[in-house]
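Shown below, as structure tokens, is a lone chain in the form predicted alone; questions about how it binds or moves come after it.
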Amino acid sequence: MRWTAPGAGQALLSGQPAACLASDDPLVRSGRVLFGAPALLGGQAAKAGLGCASCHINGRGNSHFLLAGVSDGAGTADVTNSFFSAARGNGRFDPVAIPDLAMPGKVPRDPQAGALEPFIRGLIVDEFGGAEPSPATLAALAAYVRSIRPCAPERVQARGLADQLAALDDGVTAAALMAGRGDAAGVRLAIAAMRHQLGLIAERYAGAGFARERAALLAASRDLQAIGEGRDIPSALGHWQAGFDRDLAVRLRRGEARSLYDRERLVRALR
């Protein structure tokens, strides 16, 4: 809600542009979950909970994005604003429309050209002041962006628990892929992305009736942190996922209709 136009909370929190990808291989899935991780951008963006997917929902756009001092209208952002990083601050307030990444952009996406990876790196490090991404992280993000396609027909789809559960699966895939490449920083980022998704779930299970589920989500997040600091991370994550799917995920699905994933309950909560 911190970066959503007044009156648009219901639309943004209950719907999203449909996702259409040309590929769903492990590298693309890894890029997809990292794309949503505030830890990728770091700095002020991470403090605000902003990831790439905050502006580019499912790799598309966000017509409801509005952040004071950064936007001059819904769906715009000043990408040379020193709020995020002084490196690209130009001293002017010049927001532009947030682009749909399914559409051709100013940077060639042909893998042979090799232009997309350094462009993404510049966004992370210079525009947002994030940490230097590893080659494996850049490869995953570029593979995801290259796979984004427009949908035919275009449609808005409901948001639900399944979105976060799928992102957790992607996170396990990403951590295993990064571990296989000896990329410790990439593993940590994948786990941070998973913990972010657990937080998004917890926000939807509000109220005293879901205290047990929120406590279990917090415990699951802390377990992930411990796994990231240990050894044999793919095996440990496999055990974590099996236990999560067997117990907590079942309970969350059972309670979804009573959570803020339910549109009517969400509307009442936003009043």
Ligand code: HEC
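Numbers for residues come from their place in the sequence shown, where the first is 1. Only a predicted model underlies this, so the values are computations on that prediction, with no experimental measurement involved.
The same protein also exists as the form predicted together with heme C (HEC); that form is not shown, yet it is the one meant from here on.
- Query: in the predicted bound form, which of the listed residues (Leu217, Leu224, Val28, Cys52) lies with a heavy atom within 4.5 Å of heme C (HEC)?
  - Reply: After the contact test, the surviving option is Cys52.
- Query: Of Ala131, Ala184, Ala162, Val96, which one comes within 4.5 Å of heme C (HEC) in the predicted bound form, counting heavy atoms only?
  - Reply: Selected residue: Val96.
- Ala202, Phe210 and Ala249 each touching heme C (HEC) in the predicted bound form (heavy atom, 4.5 Å): So, no: the whole triplet misses heme C (HEC).
- Choose one stretch from 37 to 45, 241 to 249, 202 to 210, 228 to 236: the one whose residues place a heavy atom within 4.5 angstroms of heme C (HEC) in the predicted bound form. This holds for exactly one stretch, 37 to 45.
- Query: Would Gly105 count as touching heme C (HEC) in the predicted bound form under a 4.5 Å heavy atom rule?
  - Reply: Output for Gly105 is yes: heavy atoms within 4.5 Å of heme C (HEC).
- Task: With heavy atoms only and a cut-off of 4.5 Å, decide whether Ile191 touches heme C (HEC) in the predicted bound form.
- Result: Ile191: no, not in contact with heme C (HEC) in the predicted bound form.
- Wondering, does Ala167 line up within 4.5 Å of heme C (HEC) in the predicted bound form on heavy atoms? Looking in the predicted bound form, residue contacts with heme C (HEC) do not include Ala167, since no heavy atom lies within 4.5 Å.
- Task: Please run the contact check for Ile120 against heme C (HEC) in the predicted bound form: heavy atoms, 4.5 angstroms, yes or no?
- Result: Contact check for Ile120: yes, within 4.5 Å of heme C (HEC) in the predicted bound form.
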